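This document starts with one chain, in the form predicted alone, laid out as structure tokens.
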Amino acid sequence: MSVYLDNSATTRVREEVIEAMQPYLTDKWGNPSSIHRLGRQARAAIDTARQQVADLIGAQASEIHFTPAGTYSNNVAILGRARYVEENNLGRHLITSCIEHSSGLGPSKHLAARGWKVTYLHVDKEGFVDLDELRDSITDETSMISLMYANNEVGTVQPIYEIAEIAQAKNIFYHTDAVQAAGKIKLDVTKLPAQTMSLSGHKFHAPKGIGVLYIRKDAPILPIIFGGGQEKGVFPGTENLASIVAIGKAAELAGQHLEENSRKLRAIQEIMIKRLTKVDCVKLTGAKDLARRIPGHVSVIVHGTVGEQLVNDADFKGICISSVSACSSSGVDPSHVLSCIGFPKEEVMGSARITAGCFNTEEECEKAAEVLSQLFAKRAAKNTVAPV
């Protein structure tokens, strides 16, 4: 058996995407800033990709900025807004949550060290922020709200439209990390009043090393990286041409197959949850209502185990899953997300995440669910976790 169920960490690049980008590594390799034939050819390819990504989220092409990764997108959105705030003597108060991705928490902590007031919203037992707490946290000094669209560890999809409307009503800049949502949930910035939104190509079948920052027209944000004028000066540097072509094609395909893929992932998700939660030692984490969870995302705690052991056990059987977040180099550390939700450390250590993608089949996932349930039960019975 060989089944890849770690699609929240990264996804396999589609064959169509590889075919689309290949010429820009071999024959059409010009610098997009050059005015000769190869340069014009490269610029036209970037313009096409910009429109393809814009179509995926309902944006204008001019609002799409290509970045090296989702981490860069989050940093520039938060710190670029902070630079505007500081240069215009606005209130230095940021509202975020305790379960943001590290690329959102990192800039927030940096701002706190620079004297900003940062409010970290609490979440309930399923990972949802409290909208009343959000409203109560807003002051005259609040100049930015940064709350993610969907959580990478527990799959919870926040009440994103309500959050954005609260920010809009108070004329507060709102940024959302939508890295985990793209390609699985319909994104529409014509209806969602966010000023900035982050995407990452390798989460929807483009290569690693290419991301997107949507910046609404005239959004009050300033660059934090300096150099050439590429990407309107927000992300200067010679463009990653082949990868930009790739993310454009991946975005086009994601939009074309969005509804079909979502239905398929929901079906797999139901299979996984039903089978795994029959095991006494397994507890589902995140949203229980699947309509409020990323399609294909299942996260659990296996009592009496350590996540790294679960990953290794599954890998031995040919099944790729993860524990905590693969974006962290310290995967054995307790999850800040599960800790914020309220799980004790001994339970947090036994986290596992199983995430399906478009290349998975229901049949293989049924078999994988059976194997995983047996492995989880066996490991829980075998282990004795020392008191913390």
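All of these numbers come straight from a predicted model, not from anything done at the bench. Just count from 1 along the sequence shown to find any residue number.
Note that the form predicted in complex with a small molecule isn't included here; everything after this is about it.
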Quick one: T305, S323 and M349 and the small molecule in the predicted complex, is every residue within 4.5 Å by at least one heavy atom?
no
Would you mind picking out the stretch of 284-292, 306-314, 147-155, 109-117 that comes within 4.5 angstroms of the small molecule in the predicted complex, counting non-hydrogen atoms?
147-155
Since exactly one of R81, H297, K203, K184 fits, which has a heavy atom within 4.5 Å of the small molecule in the predicted complex?
K203
Here the chain is shown alone; which of C358, A59, A69, I46 has a heavy atom within 4.5 Å of the small molecule in the predicted complex?
A69
Please tell me whether any heavy atom belonging to Q195 falls inside 4.5 Å of a heavy atom of the small molecule, as the geometry stands in the predicted complex.
no
Decide whether S143 counts as a contact residue for the small molecule in the predicted complex under a heavy atom distance cut-off of 4.5 Å.
no
Verify the contact flag for R216: yes if a non-hydrogen atom of it lies within 4.5 Å of a non-hydrogen atom of the small molecule in the predicted complex, no if not.
no
Quick one: does R275 come within 4.5 Å of the small molecule in the predicted complex, counting heavy atoms only?
no
